[in-house]
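Single chain ahead, written as C-alpha cells, the form predicted alone.
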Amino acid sequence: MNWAVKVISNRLFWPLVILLVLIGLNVVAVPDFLSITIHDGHLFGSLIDILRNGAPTLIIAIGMTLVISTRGIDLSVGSVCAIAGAVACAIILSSPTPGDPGVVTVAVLAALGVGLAIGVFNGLLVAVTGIQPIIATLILMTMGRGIAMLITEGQILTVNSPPFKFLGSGFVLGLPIATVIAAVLFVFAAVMTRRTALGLLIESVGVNPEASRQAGVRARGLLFTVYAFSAALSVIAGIIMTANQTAADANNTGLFIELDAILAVVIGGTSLAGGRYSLIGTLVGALVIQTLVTTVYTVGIPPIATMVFKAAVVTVVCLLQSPTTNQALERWRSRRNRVSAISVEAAK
C-alpha cells in the first residue's frame, strides 16, 4: 500500500490523471476521438491536432521553465511572438520574391536576431540593474505589442508564401512540422540541462543566488542565457503561429500565451520559488492545457467560458499537488502504519 501512496505523492500523478480524464471526456463526447487516419502520407486526428496546436505553448513553456527555475518570470513571451511574426512578414512582403525559400530564411533569422536582442535586454534589466523579473518583463509585455503594431503599421500583414506557410502547417515524416520542432527543442533543452552541468547551475542560482555567486557560479551569465533562450523560443513559437495563419496580427498573435506557458510549468510541478524543475512535467502540463482547450469545444462548452473552465481545472490540479495534500497523505500513511503495527502486536 505504501507504493500506492508514493505514486499518488508524485507531482506528475495528478496532472496525468487529469489528462486521462480529459481524454476520457472527449472519447465519451466523440467516440472516434482517438482515431488517427493517414492521408497523403500525413497523420490526421484529434490527438494529432492536440500535438500540433499545443506545440507553441510547449515551446514557450520550455523556456519559461528555465526562467522560473532561476526565481524569475517572463511575461514578455506573447509580445515577442507578435514581434517575431511582424518582422518576418514585413521582410517577406518587402521582397519581390516572397515565395523564395532564401527570403523566408532571412526573415526567420532576422526575427531570431530581434528575439535574442529582446532576451538580452530582459536579462540586462534582471541581472545587471536588479529590477524584479515580473516588472522587467512586464515592460516588454506592454511595449512589445506597440512595437509589433509599428512594424505592421497597424495592419494585418497577409503573406502568400508557400515556404513560410510550410513552417506553420507543413508535415515532416507524416507529423505536423510544429510538433517536430517542439520535440526537437524539448530534447535539446533536456540534453543541455540534464546531461551537462548547466541544469545544476540554473537550479543553484534559483535556490540561493548569493551562495551560488560566492561559490563561483556566474549568475549574471546564466540569467542572460535563460532569458535569451526564452525569447528565442518565443520567436520560434511566434513564427509557427504566424505561418499557420499566413498573416501577422500584432494584436492577437501570442495573446495570453504567457499565461498558458506559466500554467503548464506550474502544473508540471516546477516551483515558482525557483530551484528544482521538471521539463517532463512541463510537457505534461502543456498537454493538459491544450487538451483542456480541445475538451471545451468537444463537449460543447461555450468558448466564452474557456478561461473559467481552464482556471477551474488548473486550480484542482494545483490543490491536488499542494504540499498540504502531500502532508495529509503522509499523515494518513503514518497513521495507517501505526494501526497496522498495533494490530500485529495485539495478534501476538
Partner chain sequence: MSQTLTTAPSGLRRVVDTVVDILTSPKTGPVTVTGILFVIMFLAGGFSFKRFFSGQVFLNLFIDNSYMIVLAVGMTFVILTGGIDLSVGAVVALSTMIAASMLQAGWSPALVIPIILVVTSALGLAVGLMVHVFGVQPFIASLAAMFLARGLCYIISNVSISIDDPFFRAMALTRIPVGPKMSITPSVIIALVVLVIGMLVLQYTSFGRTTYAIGGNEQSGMLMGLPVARTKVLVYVVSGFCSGMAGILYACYTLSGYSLTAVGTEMDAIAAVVIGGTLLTGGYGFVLGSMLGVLVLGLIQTMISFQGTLSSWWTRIFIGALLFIFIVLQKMLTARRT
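Positions refer to the first chain, counted from 1. Keep in mind that this is a model prediction, so the values were computed, not measured.
The protein also exists as the form predicted together with its partner chain; that form is not presented, and the subsequent description refers to it.
In the predicted bound form, at least one heavy atom of Val266 sits within 4.5 Å of a heavy atom of its partner chain.
Thr196 falls outside the set of residues with a heavy atom inside 4.5 Å of its partner chain in the predicted bound form. Residue contact check for Thr324: one or more of its heavy atoms lie within 4.5 Å of its partner chain in the predicted bound form.
Interface membership of Leu75, defined by any non-hydrogen atom within 4.5 Å of its partner chain in the predicted bound form, is confirmed. Only one of 176 to 184, 136 to 144, 99 to 107, 241 to 249 lies within 4.5 Å of its partner chain in the predicted bound form by heavy atoms, and it is 136 to 144. A single residue from the set Leu200, Leu150, Val191, Val207 has any heavy atom within 4.5 angstroms of its partner chain in the predicted bound form; that residue is Leu150. Only one of Ala117, Val172, Ala211, Ala273 lies close to its partner chain in the predicted bound form, with a heavy atom inside 4.5 Å, and it is Ala273. Taking its partner chain as it sits in the predicted bound form, the stretch 112 to 128 comes within 4.5 angstroms of it through a non-hydrogen atom at Phe121, Leu125.
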